[in-house]
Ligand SMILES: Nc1nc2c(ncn2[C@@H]2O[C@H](COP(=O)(O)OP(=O)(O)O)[C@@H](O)[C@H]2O)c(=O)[nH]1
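Okay, so here's just one chain, in structure tokens, the form predicted on its own.
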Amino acid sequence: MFGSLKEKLKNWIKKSSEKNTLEKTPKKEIIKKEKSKKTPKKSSKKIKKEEKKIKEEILEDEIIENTQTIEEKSKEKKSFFGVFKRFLTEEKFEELFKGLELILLQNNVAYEAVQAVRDELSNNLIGKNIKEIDLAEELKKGIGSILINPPNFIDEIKGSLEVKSPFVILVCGINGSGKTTTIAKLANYLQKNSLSVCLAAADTFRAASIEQIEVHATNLKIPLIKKDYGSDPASVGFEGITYAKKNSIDVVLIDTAGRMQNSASLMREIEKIVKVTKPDMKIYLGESITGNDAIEQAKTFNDSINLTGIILSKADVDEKGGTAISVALVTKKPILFLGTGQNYEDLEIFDKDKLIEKLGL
């Protein structure tokens, strides 16, 4: 192909050169030469016609060559690159996950939890056929693997009561998270499920804490065990258990003072309360709107007293829901309930599928 194309180019150049020579040579000399050669004179129209024909042939050869090159490249893609690109590479995964990462962070999912989701997806997706991947569904599975649906709260208590009584629940958390109100909600929930309850006011530190829980006890018509401010909170919890045993009460709910996770003395105090009262359930109460701070708080409480489960308050004002993922990741414990308002009935059993739906995935 290239040989014939080269030959045509040479001929075209030669003929063009001859044409230029003819144009520059005086007519008389041209006539003499033509006579001596005895060659018929070619008209300029004929020369142009031949040039056009040569150009068309050259163009035709170029089109054929380019077409063959495209076909060869197409075959090459199908034979190797085409197959390769059908599978999700690590580079392509990172590119796709950037968008997902932004969605999770905007929904108050802590960075540590985002990376856990990333690792889960990476292990499951890299190397798979892209056409077979439903990215939204895989993301739901990744988040679902972090969250744990709670056991049946009432069945667990009633099952334990067949062995020993009372069932003791201790509630802890940081300042201002709404522990006392949440304890009242729990008491109401237990009563609605035919379980008798008493409260132990072991928050002997915060001003007006005893009066606050006393109001709830009066409203719900349940006994309250209390001591003076400054009393040992562990002893208040112990007395609450003793009272429940004497009066055949099913469940004791122990309220504790709010404490920041970085206060070593207060964390030691909660450890002492746990040793004395030996609760069957240790619940950490956090705020749904806390975001990244929730990780360190929940982790510290879990390391100190080995939590049983978690309740997140203020879920009604949290439009995102990412805190649940963050807390569940660091504690490996189930979210038991979500607080959804200020009324006693505003306590919702946690459902991870509903949370994932709330994230808008």
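Because the structure is predicted, anything quoted here is derived from the model rather than measured. The first residue of the shown sequence is 1; numbering continues from there.
The form predicted in complex with this ligand exists for this protein as well; it is not shown, and the discussion that follows is about that form.
Going by heavy atom distances of 4.5 angstroms or less, which of 188, 290, 107, 177 would be at the interface with this ligand in the predicted bound form? Exactly one residue meets the criterion: 177.
Name the residue from 212, 235, 122, 263 that puts a heavy atom within 4.5 Å of this ligand in the predicted bound form. Looking at the other structure, the residue within range turns out to be 212.
Would 314, 339 and 342 all count as contacting this ligand in the predicted bound form, using a 4.5 Å heavy atom cut-off? Yes, the whole candidate spot contacts this ligand.
This ligand isn't shown here, but in the predicted bound form, which of 243-251, 128-136, 179-187, 157-165 has heavy atoms within 4.5 Å of it? After filtering at 4.5 Å, what remains is 179-187.
Any chance residue 227 has a heavy atom within 4.5 Å of this ligand in the predicted bound form? Contact with this ligand, no.
Even though this ligand is not shown here, does residue 206 get within 4.5 Å of it in the predicted bound form, heavy atoms only? Looking in the predicted bound form, residue contacts with this ligand include residue 206, since a heavy atom lies within 4.5 Å.
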